[in-house]
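For this one, two forms of the same chain are given in structure tokens, first as structure 1 and then as structure 2.
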Structure 1
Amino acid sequence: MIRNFLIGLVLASFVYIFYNLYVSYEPKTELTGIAAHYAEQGAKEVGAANLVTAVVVTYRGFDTMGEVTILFLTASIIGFFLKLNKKDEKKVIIHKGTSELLVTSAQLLVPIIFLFGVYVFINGHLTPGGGFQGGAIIASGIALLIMANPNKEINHHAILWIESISGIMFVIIGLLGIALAGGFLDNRFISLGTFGDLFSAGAIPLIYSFIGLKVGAEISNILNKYQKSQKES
């Protein structure tokens, strides 16, 4: 009883705060400050048609590196938590069998899903999407594979190598930005090219491809850990 009362009290205070915020909210009518600068100069300075990508990869590139680091940290902690001993590694997952429909459609769809993921992160500077989204799409292909065959062996070493190499390449491209252009993760050491082309916006397609590969490998790694933790007798 007192528990429900306290929960109600907390929620009512949230409703009160949010009601006041909602009533006093006035929609913006024009861009101000840093956003105005991005809208005015972003295309000229960075060369990316997708201004969100310009902000994420170049203007706030350091944030993105922290983000990728946090994902790596998550994958490591999950690996630490769900570690199996030698004896459990040999066990298999007992399941009631997967449906024919799922198995066949996985064979058909997984290559297409991978291709779509690669498309999304290579076109990150032109269309909605980018490295994180493309990586998540690739990992959803891995999830489909695991669902179609719960005992599927995912190549752990390949995932680890892809992840490490793309992480190192991301940092190296950032350092090249210091050496050849204005600062860390500056994309202008490769020519900006024609605005709106696939090979434009300097190093952004490269950086986002490496981010996409890294995110895809990390999420696949997490899925693989979850899959292995289900092994029993």
Structure 2
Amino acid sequence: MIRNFLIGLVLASFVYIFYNLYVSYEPKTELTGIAAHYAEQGAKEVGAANLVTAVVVTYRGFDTMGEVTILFLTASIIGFFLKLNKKDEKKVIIHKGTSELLVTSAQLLVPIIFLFGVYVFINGHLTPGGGFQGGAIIASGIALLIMANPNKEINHHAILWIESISGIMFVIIGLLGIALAGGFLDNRFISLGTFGDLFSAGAIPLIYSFIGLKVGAEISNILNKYQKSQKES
């Protein structure tokens, strides 16, 4: 009896709270503050047709750098805990076999997935997409490759080089924005070009390209470490 009463009291409290939130809610019909500046001046300042993703790597460039750093730390921690010695790395994964359909699909789709991932982050300033999305698409191609052949050897050193060079170039572009334009990751140190063209929006396509390669390499490194951790004698 007491238990049912307490449950009813909790539910009534939630109903009261959400009802007050509903009654007091006032929808915003106009942009205010910095959001209005983005909407009114953003396209002119950064030269990108896709303003949403352009804001991520220009006005909020430090946030993006923090997100990339978090992903790097996550990949490093996972790699640390899944690290194998040289003896274990030579072992093979014992599996029941992969279907011919999956193998054939991987051979056909993986190159297309990689190409689409590159397209997504190169065109991030024009269409929905960007570095994070394109990098994740590339990593999904690696995942399909591993599923089709669990003993497939992924070039770990190539992944590390891509990840490192992309991260360094991302920071260098940010510093060039300080030296040659108005601030960190300011894309205007390269000509904005013609609005809507592929080669436009200043350095944004370069920024997205390096972010896409870095994100793709980091997620692929996680998949590679997990693959090796499944090896058995």
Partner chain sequence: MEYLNLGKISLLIGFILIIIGFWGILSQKNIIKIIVSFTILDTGINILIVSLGYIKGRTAPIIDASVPQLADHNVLNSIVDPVPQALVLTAIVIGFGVTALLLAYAMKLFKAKRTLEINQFNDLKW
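Reference numbering: structure 1, starting with residue 1. Computed from a prediction, not measured in an experiment: that's the story for all the values here. So that the term is clear: the rigid core is the largest set of C-alpha atoms that superpose within 1.5 Å between two forms.
Engineer: Mark the structure, either 1 or 2, that is the form predicted together with its partner chain.
Structural biologist: Only structure 1 fits here, because that chain is the form predicted together with its partner chain.
Engineer: Going by the rigid parts that rotate relative to each other between the two structures, point to the one of 104, 73, 153, 29 at the hinge.
Structural biologist: Every other option is far from a hinge; the hinge one is 29.
Engineer: Fill in the domain rotation here: degrees turned by the smaller rigid part against the larger between the two structures.
Structural biologist: Rigid-body rotation of the smaller part between the two structures: 22 degrees.
Engineer: Aligning on the rigid core, what is the distance the CA of residue 24 moves between the two structures, in angstrom?
Structural biologist: Taking the core as reference, the C-alpha of residue 24 is shifted 3.7 Å.
Engineer: Please give the CA displacement of residue 10 between the two structures, in Å, after core superposition.
Structural biologist: Its C-alpha position differs by 8.4 Å.
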